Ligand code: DOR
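The form predicted on its own is given below as one chain in structure tokens.
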């Protein structure tokens, strides 16, 4: 099979940043994805309905019709804080642009210092979210300094995720960018209210790619790449056809100098090759027929949104990922920089 067509996909986890960066990030995603769930970890964070509306306007102002698919739609999220009031969630739902609330454990990743310090402090907010049907999107890692960085997702499952599902049985939960066999099994065996996103980089790479022989800072992300056995579990989950797993790139650009330094930032920019990389992975696993479900159906079905009606076409045709991309006054090194990418997007069909 040299060409495949799939329903236009969506990205259910994306960092667009702000300001001049939007010219790159918005249009790189919008070339393929119709809808994108936009992360709220700006400085200051997007923590109110008014913040979300303002950020939505800035994103839409950056859309280049020559580069973006028709009908591109950013789906906004709120940044959950210890001080968030339930009424703010109700206002956000009524505003019509907010589709989820993001829980960052304080200190877990980029711009998460204002995150939740104790999940029980936000139980009143979670009760309101459960009542109105607002999904909770979770960065699932503990932040205790004595917990090994490679074990933080597993500890979070044991300590927080299990009790959360028990205490809020009707709350929709997305376990974002899962990285371990433990998380894949937890989601697969859990109730219908929990699902997970899986990134292209956690499918393509493991910690050897980041650390063996030399430190490769552009592969540093959080949650960090794990050992190959966890990568294999993620490949099985993504390509296995379960509706509980769907596409979320976690594309998160940082400038080249912010990555190549003594304390490099965590995040991988992959929007310029995301769907192509997923196609490569599914092809290698002999599961191309399941790519459409993972990329185009499972996400909207879980969020209760309609599936897209138009289609894109991909071709098995190798190309080399660019060495860098312009992001405002900076440059960013993409995930597939200098690599041969086996598939490319060659066209689309509007609804």
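Residue numbers count along the first chain shown, from 1. In this text, all values refer to a predicted model and were calculated from it rather than measured experimentally.
What comes next is about the form predicted together with the ligand, which is not displayed.
In the model of the complex, residue 109 approaches the ligand with a heavy atom inside 4.5 Å. In the model of the complex, no heavy atom of residue 76 sits within 4.5 Å of the ligand.
Within 4.5 Å of some heavy atom of the ligand in the model of the complex lies at least one heavy atom of residue 139. Contact check for residue 267: a heavy atom falls within 4.5 Å of the ligand in the model of the complex. The candidate site formed by 23, 256 and 330 is entirely out of contact with the ligand in the model of the complex, as no residue has a non-hydrogen atom within 4.5 angstroms of it.
Between the ligand and the residues 89, 252, 126, 237, the one pair within 4.5 Å by heavy atoms in the model of the complex involves 252. Contact with the ligand in the model of the complex, defined as a heavy atom within 4.5 Å, holds for exactly one of 171, 222, 203, 119, namely 222. In short, of 149-157, 129-137, 214-222, 183-191 it is 214-222 that has heavy atoms within 4.5 Å of the ligand in the model of the complex. In the model of the complex, the ligand lies within 4.5 angstroms of at least one heavy atom of each of the following residues of 16-47: 17, 41, in sequence order.
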